[in-house]
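Presented as structure tokens, the chain that follows is alone, the form predicted alone.
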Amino acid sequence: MLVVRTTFARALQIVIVGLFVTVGTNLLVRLVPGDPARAILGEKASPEVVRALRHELGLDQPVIQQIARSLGRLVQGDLGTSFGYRGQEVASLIGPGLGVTAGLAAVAIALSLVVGVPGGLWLALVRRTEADLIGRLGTTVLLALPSFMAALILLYFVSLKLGLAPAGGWAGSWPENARYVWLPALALTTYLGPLIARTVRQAALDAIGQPFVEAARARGVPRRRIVACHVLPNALLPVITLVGFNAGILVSGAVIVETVFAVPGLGSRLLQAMSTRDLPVMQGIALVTAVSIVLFNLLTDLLNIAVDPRIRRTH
């Protein structure tokens, strides 16, 4: 019953998010100076040709009518047709880029877990030492560093100076993509990895102070077994929530990092759409990103219900 209620609540959120993103994108784009028809045709196009294209795209209709038309298509699962690529569906345009961005975000999450979980556990075990102080200072610095700045630093030193990774591009198939994806994923890891490490450290410290850990020590249980069987499982529970609620944000961050490394994901498609004021494509990317955040939150809730019996008991 709890799973059904949670799923229904998240489904309702998706509907609300779709409404706000559609209305908000339409209104915000119109606040920016410029005409999509003029951006598509160029400055040398005659006024008659521009007016004809505006009529073809429906831009000469009232804003309310345009928003209503977009909402009507959205209810039918249609993201619309691109302004810049006339006749081509938005879904077919952003679909390949979405796969690239999702792959980049997935690799970044895996790297963050590989780095953050052992790092946070180690910091908890060496608490109140110089290593703990340096580690906490390092995570604070990385959390304050924007992902795009980390991407520029890694691009300069790792790619251009050391030549350890390509400066950009994409192979188009796996596993060939691995040599292109790891450096952008590492740039995203500079945000999520330290966040996981700090969370695991605090959760591990809380677990170490629990009576069941003290009882295990009194029975003479080896320290390694205490850490593996008692401390680590309790430290991992908050990581599920942390990763789930930040996965959608990571997708948004990936859109920016992709532009630094010339990865053909949603970022490059969004920049191209913004330059031509391609409203349907911008709206589609914003909607996909927002819905992905809600879906990740739903997955997080379901995982927490499955692995944490305390949640089931309280409901």
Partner chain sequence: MSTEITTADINVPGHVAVRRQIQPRRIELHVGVGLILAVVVACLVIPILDRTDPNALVALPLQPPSAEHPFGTDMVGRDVFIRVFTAGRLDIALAALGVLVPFISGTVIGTVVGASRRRLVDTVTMRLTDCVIAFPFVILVLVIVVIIGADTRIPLLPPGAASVLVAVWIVNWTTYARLARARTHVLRQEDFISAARLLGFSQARIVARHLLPSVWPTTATYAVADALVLVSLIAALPFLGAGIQPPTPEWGSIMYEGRGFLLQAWWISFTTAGVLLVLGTGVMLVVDALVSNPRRPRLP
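Heads up, when I say rigid core I mean the largest set of C-alphas that superpose within 1.5 Å between the two forms. Residue numbers count along the first chain shown, from 1. Computed from a predicted structure; not experimentally measured.
Below, we refer to the form predicted together with the partner chain, which is not included among the displayed structures.
> Taking the partner as it appears in the predicted complex, which of 199 to 207, 179 to 187, 110 to 118, 212 to 220 has residues with heavy atoms within 4.5 Å of the partner chain?
Replying inline: Of the options, only 199 to 207 has residues within 4.5 Å of the partner.
Practice item. Run the contact test on Ala102, Gly265 and Leu299 with a 4.5 Å heavy atom cut-off to the partner chain in the predicted complex and return yes or no. Key: No: none of Ala102, Gly265 and Leu299 comes within 4.5 Å of the partner chain in the predicted complex.
**Q.** One residue of Ala52, Ala39, Ala45, Ile67 in contact with the partner chain, assessed in the predicted complex (non-hydrogen atom, 4.5 angstroms)
**A.** Spelling it out, the residue with a heavy atom inside the cut-off is Ala39.
Any chance Gly95 has a heavy atom within 4.5 Å of the partner chain in the predicted complex? Gly95 lies outside the contact set for the partner chain.
Should Leu271 be counted as a contact of the partner chain in the predicted complex, where contact means heavy atoms within 4.5 Å? Contact check for Leu271: yes, within 4.5 Å of the partner chain in the predicted complex.
Item checked: Ala131 within 4.5 Å of the partner chain in the predicted complex, heavy atoms -> Answer no; every heavy atom of Ala131 is more than 4.5 Å from the partner chain in the predicted complex.
**Prompt:** At the 4.5 Å heavy atom threshold, is Tyr191 in contact with the partner chain in the predicted complex?
**Reply:** The answer is yes: Tyr191 has a heavy atom within 4.5 Å of the partner chain.
So which bits of 279 to 300 sit within 4.5 Å of the partner chain in the predicted complex, heavy atoms only? Leu279, Met282, Gln283, Ile285, Ala286, Leu287, Thr289, Ala290, Ile293, Val294, in sequence order.
Can a Cα shift of no less than 2 Å be assigned to Leu59 between this form and the one not shown, given superposition on the rigid core?
The answer is yes; the displacement is at least 2 Å.
* Asked: Which way does the C-alpha gap of Ser268 and Leu59 go in the predicted complex, closer or farther, given it changes by 3 angstroms or more?
  -> The answer is farther, because the C-alphas of Ser268 and Leu59 separate from each other in the predicted complex by 3 Å or more.
Ser275 and Leu59: do their C-alpha atoms lie closer or farther in the predicted complex than in the form you see, with a change of 3 Å or more? Compared with this form, Ser275 and Leu59 lie farther apart in the predicted complex.
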